[in-house]
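Have a look below at one chain only, the form predicted alone, in structure tokens format.
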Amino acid sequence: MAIIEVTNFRKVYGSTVAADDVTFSVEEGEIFGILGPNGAGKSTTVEAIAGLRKPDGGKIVVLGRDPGDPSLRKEVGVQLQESELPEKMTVREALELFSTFYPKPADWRQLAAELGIDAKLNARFGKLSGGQKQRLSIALALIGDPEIAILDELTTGLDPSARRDTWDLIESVRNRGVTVLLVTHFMEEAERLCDRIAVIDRGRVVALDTPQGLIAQVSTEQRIRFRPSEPLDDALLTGLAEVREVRHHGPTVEVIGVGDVLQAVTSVLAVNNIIAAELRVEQANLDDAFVQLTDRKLAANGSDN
């Protein structure tokens, strides 16, 4: 069942079109990703879903209601990209304060324990690490016991270890029965977490599918790299139906193919008593799909090129 429906959403700031004809739906219980580079229109779209911006065109429905309906405030938890707290506010004070905003809040002590910040209850916000601030942000987004959690650029600025810890937390949020709308420009993050992804570029949805579905749209090729134990006649490989091309990079052989190309290549090598040392198989990933879908390169670490 769709619990968020965005239909032909349009938002304009002066002469700048931030979102144009954006359409997608989010199903109950999934982690739905909105992926794209900075300035693509991701945050504008989720802020409209959260009721913080009014559409200039189109329609948005959240849990059967207009996003501006005050009753949604206790059913939709939001962690925005620029979320900040007073530096001298303690974790305990923040959790206690936010719990007063809701008629039936979740137990903030239990949330703090589940999210690993119970040992930091007396720490001031300004003294927390980036990962600890993000854990607190998730706790504050969940403290109203919402049906939907909107998480915008949650892992920006975190080191790789803290980012992966946060991914585990996001999965645990979904396991609590919360539908997650996740905004990101990290390819690995979207591929790891999301059930479905809307790719937004220049204010438009350019693709909508599962991560693997997006990858399959643009490439089914595999690349096999290895060092043969003795000189290799390319004809042994180019004659295989699965092989499209054979390249040489010094002592390394690269085979590009489709289907069960790995089995075909290794079988031929075995028959000819050739050992494939340092064998590595590479397949298209979400980064490759993004480049082909948008003609723009977005680095795996989230920076624009």
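What you are looking at is a predicted structure, and each value in this text was computed from that prediction instead of being measured. Note that residue numbering follows the sequence shown and begins at 1.
What follows is about the form predicted in complex with adenosine-5'-diphosphate (ADP), which we do not show.
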### Query
How about residue 58: is it within 4.5 Å of adenosine-5'-diphosphate (ADP) in the predicted complex, going by heavy atoms?
no
### Message
Considering non-hydrogen atoms and a 4.5 Å limit, does adenosine-5'-diphosphate (ADP) approach residue 29 in the predicted complex?
### Response
no
### Query
Closest heavy atom of residue 18 to adenosine-5'-diphosphate (ADP) in the predicted complex, within 4.5 Å or not?
yes
### Message
Please tell me whether any heavy atom belonging to residue 68 falls inside 4.5 Å of a heavy atom of adenosine-5'-diphosphate (ADP), as the geometry stands in the predicted complex.
### Response
no
#### Entry: Contact assignment for adenosine-5'-diphosphate (ADP) in the predicted complex, among 48, 62, 255, 40, heavy atom within 4.5 Å
40
### Query
Okay, which stretch from 31-39, 256-264, 243-251, 273-281 lines adenosine-5'-diphosphate (ADP) in the predicted complex, with non-hydrogen atoms inside 4.5 Å?
31-39
